[in-house]
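Given next, in structure tokens, is a single chain: the form predicted alone.
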């Protein structure tokens, strides 16, 4: 994939982060305005984790955050080590994939009632 397409996806991920992180932070910190009783209470966290809207929201947020962060880290590493493009791409890909699997597992496990 070309660098311009990767950069475009980086910007799209930032926009997705802006929307979904805004929803998440609004829900967590505007609890008095939205009428949510203690969003950090265990029962509220468990109920939210089993809601399909939050499942999809957290998965989208996870993918967007990982792509945005991993692309940014890749860019920084390539500025310092431009001769190691393949190694850095492989390392970033492996770390991103493992983080995606772990993060998805947590979100899905919470959804199915874990």
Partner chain sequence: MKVRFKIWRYDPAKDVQPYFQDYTFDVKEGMTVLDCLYYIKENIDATLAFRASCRMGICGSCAMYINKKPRLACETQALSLGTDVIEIAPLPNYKNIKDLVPDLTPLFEKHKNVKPYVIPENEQEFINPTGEYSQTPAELEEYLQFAYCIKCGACLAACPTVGTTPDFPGPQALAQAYRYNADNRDFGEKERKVQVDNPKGLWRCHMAGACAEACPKGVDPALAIQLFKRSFFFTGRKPKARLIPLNKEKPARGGIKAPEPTV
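Numbering follows the first chain given and starts at 1. Because the structure is a prediction, the values reported are computed rather than measured.
What follows is about the form predicted in complex with the partner chain, which we do not show.
Interface residue among 56, 40, 33, 85, judged by heavy atoms within 4.5 Å of the partner chain in the predicted complex: 85. The shortest heavy atom separation between residue 68 and the partner chain in the predicted complex exceeds 4.5 Å. Though the partner is left out of this view, residue 60 does not reach within 4.5 Å of the partner chain in the predicted complex, counting heavy atoms only. Residue contact check for residue 48: none of its heavy atoms lie within 4.5 Å of the partner chain in the predicted complex. Within this chain, residue 109 is remote from the site of the partner chain in the predicted complex, having no heavy atom within 4.5 Å.
In short, of 25-33, 40-48, 74-82, 60-68 it is 74-82 that has heavy atoms within 4.5 Å of the partner chain in the predicted complex.
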